[in-house]
Every structure is written in C-alpha cells, then in structure tokens.
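Two separate entries follow, structure 1 and structure 2, each one form of the same protein chain as structure tokens.
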Structure 1
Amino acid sequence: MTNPRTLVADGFKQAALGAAALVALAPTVFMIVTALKPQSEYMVNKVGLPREPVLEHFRAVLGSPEFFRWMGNSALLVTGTVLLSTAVAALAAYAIARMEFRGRLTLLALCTALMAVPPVVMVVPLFVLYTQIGLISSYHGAILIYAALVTPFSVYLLTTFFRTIPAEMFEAAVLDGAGDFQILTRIVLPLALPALLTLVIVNALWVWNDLLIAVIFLQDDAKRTLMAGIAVFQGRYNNQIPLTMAGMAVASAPMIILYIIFQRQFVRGLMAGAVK
C-alpha cells in the first residue's frame, strides 16, 4: 500500500513541475497569441485570446525575401560553427580523457574557466584584430569566433562522457591494433552520440539566437543574421507588435523543431556522465 505522505509529496512535486512548465511556456504562448491578433484588436486587448485569429502577419513575414536571406545566413553560421567546434572538441576531449601527457588536467581546468568568461569582454580586442586582418563582415571570421566561444563547454561535456566509457573497450581495441584516431571514430564517437546531439542542439541554439557577435562582426547588410534582421524588423515596424511577434515565432520555429526531433537524445546527453 502506498504511503499517504508519499502521495502528497508526489502531488506537490507534480504541481511544482507543472507550474514551472507554465511559467516557461508563457512567453511562447503570448508570442503566438499576439501574432494571431489583428493590429486593431491588439491595441484594445493586449493579453487576451484573439476573437478571430488571423494569419496575415505570418503571410507578411513569409512573403519577405530578406527574411529568408537572414535565415539562410544564420543557418550557414550554425552549420559551420557546430561542425568546427564539435570536431575540435571531440579531439581535445579524447586526448584529455584517455591520453597521458603533462598538463592535460591544466588544459581541462583552463577550458572550464573559459566557460565563465562573458563574450562581451572579448569584443573590443577581437574587433581590432579582425579589422587589421580583414575578417570583418566575413562568414568564416564569424564562425571562428562562435566556434571559439562554444568549444570550452563542448570539451568539458565530451571529456566527462568519454571518462565514463569502460577502459576495457580501449584495451581491447589496442590489442586489435587500432590507433587512437580509429578508436575515437569507430568506438568512442558512436557511443557518444547522445552527448554529441546535445552539443549540436545547445550550440546551434546559442549561435542562432546570438545578436552581439552578428551585429558587430557582420556589418554587411547582405550577411545579416536572423536575430540581427529581427532587430531591424522590429525597428521598422515598431508600432505593429503582432507583426513583430509573427517574425519572432517564425524565427523560433527551426530551433523548436530541432529540439522536438532530438529531445530524447538531448535528455540522454545531459544525463550522460552525470554519474559514473
């Protein structure tokens, strides 16, 4: 028979989780509800449900050629950053977790410390450097910055996961004549798929939503990212909040879809390496 105290405790936990979920979903619900309101109705009723939902704001956003150009620029930066940072992080994490060399713990501590450095403190020196070497308003220049910012967390997460893989698997691979690169690509990375997918989602979300680096280092209008374009879009239609909300909803859709597709692997990747 179930203990009544356990039932009460479980009820409180469920209520707390439900309340937290409602708080987290409230901004998204408000954004979508507002985007479905006509401008005239929004001026009268800003928080209630729309009387007659309309799709004209979404049509206006999707009918804008520059909006898809901004989205393509963001997708290019996300793809380049994720590929570069994941490759570098996998090699570094394998070396730190499974190879014996002097300073590997110091290297891991340095990567962990870099996670606490805010990007804004590096903007001025990076801008001066990029101006001198001609990388302002270049995709590859922005990708290098983004990759450098997300790599420390990637190294930390993958190192934690790689350490949980049984040492016997590595010993067996060495006895079969496999080198370190073969062990990494054929054994470690397939086992680390949940952690890798977690990195892809987290890093892609961060780059997709970034505004600071995009505004400062991609000054060419043709290379403007989606978040920078949304800022311009918001300024252009300052009084048309439903139209702006529709643009934000469309901009959020790719990352939401990405998370929904890989949510199970994402949770597994977050839990990987938590306990040994």
Structure 2
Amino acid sequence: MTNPRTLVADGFKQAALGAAALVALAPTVFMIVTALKPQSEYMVNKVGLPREPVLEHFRAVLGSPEFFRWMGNSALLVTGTVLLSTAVAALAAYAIARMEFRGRLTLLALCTALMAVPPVVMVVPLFVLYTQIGLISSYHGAILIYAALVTPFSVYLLTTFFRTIPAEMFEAAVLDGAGDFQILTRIVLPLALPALLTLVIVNALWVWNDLLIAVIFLQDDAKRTLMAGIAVFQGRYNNQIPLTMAGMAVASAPMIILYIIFQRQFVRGLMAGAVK
C-alpha cells in the first residue's frame, strides 16, 4: 500500500522531528552528563560521555542544607499560593457562574484584563507599599502577591468550567435542600477536578519558576527561593561547572518527574496558562 515515495517522505519527516527533539533535549543531557564528570575531566572532555562517572557533585549538592532550604521555601510559597488562590477563585467563580448580582460581568472582564498585565509593572508600587507596612521578605507578603497574580486566570478558567455543568444538577441539589456552599463543595468541585488539577499545575509551576518577584520581595538570605538560590549558586561556583550542573539537575528534578507522571495535565495546563 505505502509507495516508496511516501516512505522516503516519512523518513525525512521523522529525521526532522528527530533533529528538533535533539535540540530540545541537548541542554538536559548536557546538564546530567556533565554533572557526572570529575572536575578535571570536564576541562579536557566537554562534549563526550564521562569516562568514569562520579557522584561526588550530586553528593555535595544533596549534602548542602541550603539547597533544601531553598526548595523548602519555594515549596512553601507554592503551597500557600495554590491554596489561597484556588479557594478565592472557586468561591468567586461559583458566584459569577451561578448567581445573579450587579457587577458580575464587570468582575469577570476585570479578571480577564488583569491576566495580561505584566508582573513587572506591579513591582514598583508594591515594593514601596511593602516597605511601608513591613512586608518585604515575608512569606505571607510574597504569597499575597503571587496569589493576586495567578488568581485572575484561575477565576476565568473555573468560571468557564462551572458554566458547562448542566443546570439539572443544580436543580436536583436544590430540591434535596442543599445550600450554595454545599453545592459548591459536594457537587461542583468534584466535577471540576480535571480543571482544578490543571489550575494547580499552572499556578504551582508559575510560582516555582518565578525569579522576578522572588529577587525583589524575598531578599533575606533565609527566605530565598530555589530560583533566586540558583542565581547565587551559579555565581559562587563559576568555575566548577560539573558541580553547578549537579545543582541544576537537582533543582529541575521535581518538575521533570512531575512532567513525566502528569504529562497530559501539564500540557493542557500550560496551554491554558499561556496567556499569562
């Protein structure tokens, strides 16, 4: 059935995709391979595989308490932001999708507009405000900023999803005597689980990967996030490239592992979150 011409054409297409995949993978491969080389070997062998792989760099990174502190700080900010923004967004989205009140559409339009405001624009007034009320280098201060930056998109996504839930489900629940809050927590949220998972991934990834807010609002050494820590780490070990790469491999491991497990949700989430 397949004629030789299609076969050749398919071969070219596969080769093109293979080349693109190679470019996409190269930095990750370089990072891991280099981390396994002794310092002396990297000086003479920058491209090839390690002759005798060593784990000393990984051991050094995993043995340093600061790396885990940075990760812990990032995890704390991610958890706080995701919990706060999901709760706030779920309540608001439920009201916007299911209740009649004045300003409903204005609120939704406002959220859609705020989605596209670049974070850097908000930095100056917030910095002055936070200096004034003493919230610089505080976790809750940073969580409030992160939450405000990711919540508009969350409201938008959840409202869209809540509107797709058939009205009969609500009518049945009302007949059973359920109140709005019960309907939200017992019926709507369980149904919205895929959308919620997508949302958690987008928001978590956004906070975890952020550098701008982190370097401005968490300047205290003890409060430093992983991404801000990386900037310090690479400057400190400027010439110890295998060690630096081991640090980067450890720092990227959580996201790569999550990506492999939740690939579908990651792709869906990042596509949805592209607007931000």
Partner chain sequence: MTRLKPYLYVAPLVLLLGFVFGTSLVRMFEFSFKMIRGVDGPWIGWRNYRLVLNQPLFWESVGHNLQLLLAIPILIGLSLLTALLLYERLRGWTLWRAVLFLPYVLAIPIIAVVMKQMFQFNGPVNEVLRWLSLDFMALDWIGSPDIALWTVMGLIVWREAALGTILFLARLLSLDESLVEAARIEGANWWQRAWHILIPQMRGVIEFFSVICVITMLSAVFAYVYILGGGRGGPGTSTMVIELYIYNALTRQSLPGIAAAVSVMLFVVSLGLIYLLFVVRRRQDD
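Heads up, when I say rigid core I mean the largest set of C-alphas that superpose within 1.5 Å between the two forms. All of these numbers come straight from a predicted model, not from anything done at the bench. Sequence positions of structure 1, starting at 1, serve as the residue numbers.
Taken from the structure described as the form predicted on its own is structure 1, whereas structure 2 is drawn from elsewhere. Shown in the overlay between structures 1 and 2, fitted on the rigid core, is a CA shift at R224 smaller than 2 Å.
Comparing the forms between structures 1 and 2 on their rigid core, the Cα displacement of F58 reaches 2 Å or more. Core-superposed comparison between structures 1 and 2: the C-alpha position of N209 differs by less than 2 Å. Core-based alignment between structures 1 and 2 gives a C-alpha movement of 2.6 Å at L258. Superposed on the rigid core, the forms differ at E41: its CA is offset by 5.6 Å between structures 1 and 2.
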